[in-house]
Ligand SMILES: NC(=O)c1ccc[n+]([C@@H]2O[C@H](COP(=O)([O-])OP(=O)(O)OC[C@H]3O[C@@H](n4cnc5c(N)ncnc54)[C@H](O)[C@@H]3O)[C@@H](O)[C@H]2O)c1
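Form predicted on its own, single chain, as structure tokens, below.
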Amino acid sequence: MGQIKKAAIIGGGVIGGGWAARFLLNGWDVSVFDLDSDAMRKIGEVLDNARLSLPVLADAPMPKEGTLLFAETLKQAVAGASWIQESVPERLDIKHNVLGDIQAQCAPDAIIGSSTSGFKPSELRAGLLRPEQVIVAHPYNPVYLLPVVELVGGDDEGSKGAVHLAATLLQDIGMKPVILKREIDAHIGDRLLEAVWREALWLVKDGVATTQEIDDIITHGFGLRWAQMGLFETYRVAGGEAGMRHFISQFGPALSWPWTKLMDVPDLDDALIDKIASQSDAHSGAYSVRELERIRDRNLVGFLGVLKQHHWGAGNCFVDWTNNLRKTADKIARDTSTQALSYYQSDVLPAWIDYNGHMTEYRYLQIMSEATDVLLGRMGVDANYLAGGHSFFTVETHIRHLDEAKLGDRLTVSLQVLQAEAKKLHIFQTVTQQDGVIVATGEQMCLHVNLQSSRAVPMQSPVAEAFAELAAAHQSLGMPEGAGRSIGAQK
């Protein structure tokens, strides 16, 4: 099967909408089939959130967004689709009917992934014409930001081939596929979450803690650790210099103590449901669900950005995704184009808005600096170059604010290399809105340095040659308006 051109989403709820956003923002055409008359609005709101968050984590040009179609029939939705994602309600009878209908209409070599959080592939495949075609592809919400997806197939060669092909395709759109060695109810993640959820229900029912107190302990405690290190790595650190063996010997005996309710499940009667719902409303009922989603996404972008910067945990997925975007971008590292290079795009986020309702000034420096980092990476200033003891330091920056950028504006940063001589790199940056209006320009003077001495030294090969070629090509653009200006108000 060739490269994915079209993905079909069957069921456009929260998870289906997240899948649609993940595919669309990575340049794939997407068709959605959902009998809910409100599906278009719901998916549109999910897409709005995705457009405000995912591009911020890309320091390379995003592909052109794919085309979104709301299909009138299932047949129309799956026609020509290489990936079909089923995200209908978690009832086995419904899934059997939908999967059977999909197979009757789709290409035999299309991948059919199910978002099921609990059913095994063998249960989903019962009675299907081509059972090996259906795999579990269980993501986590929000699908467009959280990379991990659990892939479960079967022991037959057809299933193994489908799972491994699915893993490759998902990696290309920035996801982290985890292939389970064998099928099991609820896969891995939900089994872990169910244990925490069950114990939390008992704590509320028994009056030990409120929903807010439980959430505070998670968000202010071990939840922060889990965002960067998993359960086992966290406990390895807790074992001190002796590591995991010491931790197990010290805390292992506690496993036999009756700390948790284990498999006992509280009766979800009306009283407990009312108690949980009222406490939850008091905890976060001041926000709508859409507001909570935007707050969640903004915070996730911040967490993931730090992890990406440090090449750690889930951040590595975004590093790999960015590298893949660079490979498929129109321009290559040794670009000698006579056009300024558009290396960075981002939407103006809520957190970027100041008290005047405009994008605050330090965010301009942020996006220009990130665009420069992309350029440096394209020219060969990568991890190996830094490990060799060389980098660039910015010694002077001048930003002009020419127009207003407001919430939701799509900004593009274009770069022109004005000078690249031995130790100096002089860059001019232009920030434009989606309508072509220039809202700001920036100018940076960078010095190439030896990281040990922090003193300026000549650029090393092949970076020196790459910048020399690019600077020579950009000479034909002439000196941009505003370059070299000293600070002062325009007249």
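This one's a predicted model, so the numbers in the text were calculated from it and none came from an experiment. When you see a residue number, it is the position in the sequence shown, counting from 1.
Missing here is the form predicted in complex with this ligand; even so, the following discussion is about that form.
- This ligand is not drawn, but in the predicted complex it has a heavy atom within 4.5 Å of residue 15.
- This ligand is not shown here, but in the predicted complex it comes within 4.5 Å of a heavy atom of residue 33.
- The shortest heavy atom separation between residue 252 and this ligand in the predicted complex exceeds 4.5 Å.
- Taking non-hydrogen atoms only, residue 117 approaches this ligand to within 4.5 angstroms in the predicted complex.
- In short, of 466-474, 21-29, 479-487, 6-14 it is 6-14 that has heavy atoms within 4.5 Å of this ligand in the predicted complex.
- Here is the short version: of 139, 113, 121, 174, the single residue with a heavy atom within 4.5 Å of this ligand in the predicted complex is 139.
- Contact with this ligand in the predicted complex, judged by any heavy atom within 4.5 Å, is made by just one of 89, 357, 108, 207: 89.
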